[in-house]
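One chain comes next, on its own, written out as structure tokens in the form predicted alone.
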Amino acid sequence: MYSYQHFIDYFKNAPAIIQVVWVMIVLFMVIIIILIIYLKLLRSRLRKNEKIVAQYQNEYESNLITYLYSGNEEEEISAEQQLIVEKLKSCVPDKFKRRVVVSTLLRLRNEISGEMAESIQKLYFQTGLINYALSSLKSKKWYVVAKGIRELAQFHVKEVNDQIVIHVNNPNKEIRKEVQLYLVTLFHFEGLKFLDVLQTQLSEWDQIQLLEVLQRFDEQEIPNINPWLKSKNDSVVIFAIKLAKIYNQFEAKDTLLDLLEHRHKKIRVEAIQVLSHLQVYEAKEVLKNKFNELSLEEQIAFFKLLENVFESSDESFLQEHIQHKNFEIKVSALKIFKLLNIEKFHSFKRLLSAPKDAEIIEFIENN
């Protein structure tokens, strides 16, 4: 009691700054104690939820396996399967249980294939889970819509294509991404038709993801990419150029040549690069005739193209640029000369007297 009173007296007589410090110490101690209690309760709750989830997962997984192996050829759905369908139907209205059912179905679907995978998809319809996914498409919350589209893609539900494609120009980029992945995952190259109506930008990451999905499929008939190369949406044009390069679309060369006059430099440069990859000789003459009008990036890309399509008639043009101020252009010109006219290449040792130039020529000679 005496100590407590002594502290009170000390606190009252202490300077204001000391009083503030003590108040802050007590306040922080109270906050820390409250946080510790909260974290313990939260941890306990999470552990409890994990046990409940594990319990439901085991139960549902057991039911699903029974469903898959209890069918017979005589009936479309056996009596035992129907009981499991009804049991799962009763769980679906509960949001928590529905989430566990969906995750369990997806895990099994990823582990099996063929007729059994089709049975799981059929069960997805029979239990009414699809109705909840479809209702999420009408939500005002973007993450609910995106999750619904992703779920429909994971269960390969092609029948709702019309309800998905209306979101192709949705203001939210996550929704647009899920729409694009849904279309390409389920319909492959045919799914790229959304590019015809896409008004928003197709980001670099979106393009990478789409190409990654497309490359999983073999022996696919690639659609005509010319309309996309002519699109008013520059990101669609860039994506189409990548398709032309990856899938060697030589039949699109005339449209690619037209892109050499495109208003955006990035597209002109990428067009040159794919024309180089396809070894389109016509591009060489077009670019060579207006070389001085090109930007430096275009000039560098042109010389890379020239490395693939050079001819003896290019010798005088190359000689004009062996002393170009740009290192990459100079190296390209000398590399081509080495292949075109080795004697003249060696004569450049006297012409290019700068130490750096001599090093470049020596490097090219030995490689």
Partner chain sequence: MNTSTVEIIILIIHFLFFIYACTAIASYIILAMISSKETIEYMKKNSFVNYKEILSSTISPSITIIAPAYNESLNIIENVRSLLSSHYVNYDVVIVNDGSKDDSLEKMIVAYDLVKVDFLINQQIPTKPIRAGVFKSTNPAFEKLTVVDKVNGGKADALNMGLNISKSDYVACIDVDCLLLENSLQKMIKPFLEVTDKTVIATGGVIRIANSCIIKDGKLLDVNFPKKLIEKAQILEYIRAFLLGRMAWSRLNGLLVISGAFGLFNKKVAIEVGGYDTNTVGEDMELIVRMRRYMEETKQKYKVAYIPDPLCWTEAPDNYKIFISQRNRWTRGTIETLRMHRKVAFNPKYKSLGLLSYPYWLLYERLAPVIEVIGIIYFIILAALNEVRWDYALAFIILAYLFAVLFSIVAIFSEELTYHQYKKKGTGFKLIMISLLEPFVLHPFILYAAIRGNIDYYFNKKKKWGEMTRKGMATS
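Residue numbers count along the first chain shown, from 1. Basically, rigid core = biggest C-alpha set you can superpose within 1.5 Å across the two forms. These figures come from a predicted structure and were not determined experimentally.
The same protein has a further form, the form predicted in complex with the partner chain, not shown here; the description that follows concerns it.
Hey, in the predicted bound form, is residue 343 touching the partner chain, heavy atoms inside 4.5 Å? No, residue 343 stays farther than 4.5 Å from the partner chain in the predicted bound form.
Going by a heavy atom distance of 4.5 Å, is residue 320 a contact of the partner chain in the predicted bound form? No, residue 320 is distant from the partner.
Taking heavy atoms only, is residue 50 within 4.5 angstroms of the partner chain in the predicted bound form? Residue 50 belongs to the contact set for the partner chain.
When the contact criterion is heavy atoms within 4.5 Å, does residue 142 count as touching the partner chain in the predicted bound form? Looking in the predicted bound form, residue contacts with the partner chain include residue 142, since a heavy atom lies within 4.5 Å.
Would you mind picking out the stretch of 226 to 234, 188 to 196, 277 to 285, 168 to 176 that comes within 4.5 angstroms of the partner chain in the predicted bound form, counting non-hydrogen atoms? Residues of 168 to 176 come within 4.5 Å of the partner.
262, 89, 150, 99: which sits within 4.5 Å of the partner chain in the predicted bound form by any heavy atom? Checking each option against the partner chain in the predicted bound form, the one that comes within 4.5 Å is 150.
Considering non-hydrogen atoms and a 4.5 Å limit, which listed residue (121, 201, 82, 161) is close to the partner chain in the predicted bound form? Going through each option in turn, the one that passes is 201.
Residue by residue through 30 to 63, tell me which have a non-hydrogen atom within 4.5 angstroms of the partner chain in the predicted bound form. Going through 30 to 63 in order - heavy atoms within 4.5 Å of the partner chain in the predicted bound form - the hits are 31, 32, 35, 36, 38, 39, 42, 43, 46, 47, 50.
Once the core is aligned, does residue 327 move its Cα by at least 2 Å between the shown form and the other one? It does not reach a 2 Å shift.
Relative to the superposed rigid core, does the CA atom of residue 311 travel 2 Å or more between the shown form and the other one? Residue 311 C-alpha, core-superposed: shift of less than 2 Å.
Taking the rigid core as the frame, does residue 188 move its C-alpha by 2 Å or more between the shown form and the other one? No, the C-alpha moves less than 2 Å.
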